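The chain that follows stands alone, in the form predicted alone, written as structure tokens.
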């Protein structure tokens, strides 16, 4: 499974095998059960998670008591509450496994030590953060410029893997509408 992480790093930075063996020591692995929370609102966010196998989501509970999904992470994607992680403060989010998952995780302290000892990992994480920021910008643009139906079509087109793996009520939560409305949209586009 660590080959997945090694291959992901290789997309952005070249690291010799002996250095990878040292780099991986900064991380821990964890098996996460379906519906298990890695982070809960009010907890200090201490970890940055990399999905080796499985599917995670980040969400918050809004003022009406409804879960609002803001992000998903499938294999080779990172997820955390960046704001709380960087500042070591209580999170406003939950991170939960949608499927049984295997993850790598690193603490903020270990990430700093890793970057100090292996500057090439600065390049890797810079690319990771740039991609995450770009994805967030695109999502905001879609939220403001597309109808709900267009937003759904865009999501399905760009990420068909989610349609297969993510329960419909979570897709509705991510897109910002009710499961019933999503069902109506799907009926129009499946027929």
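Residue numbers count along the first chain shown, from 1. Values in this document were obtained by computation on a predicted structure and should not be read as measured data.
Unshown form predicted in complex with another copy of the chain; subsequent notes refer to it.
S.K.: Tell me the stretch among 49 to 57, 26 to 34, 137 to 145, 159 to 167 that has any heavy atom within 4.5 angstroms of another copy of the chain in the predicted complex.
M.R.: Looking at the other structure, the answer is 137 to 145.
S.K.: Do residue 80 and another copy of the chain share at least one heavy atom pair within 4.5 Å in the predicted complex?
M.R.: So residue 80 counts as contacting another copy of the chain.
S.K.: Is it the case that residue 102, even though its partner is missing from this view, gets within 4.5 Å of another copy of the chain in the predicted complex, heavy atoms only?
M.R.: Residue 102 lies outside the contact set for another copy of the chain.
S.K.: Is there a heavy atom of residue 43 lying 4.5 Å or less from a heavy atom of another copy of the chain in the predicted complex?
M.R.: Looking in the predicted complex, residue contacts with another copy of the chain do not include residue 43, since no heavy atom lies within 4.5 Å.
S.K.: At 4.5 Å between heavy atoms, is residue 132 in contact with another copy of the chain in the predicted complex?
M.R.: Looking in the predicted complex, residue contacts with another copy of the chain include residue 132, since a heavy atom lies within 4.5 Å.
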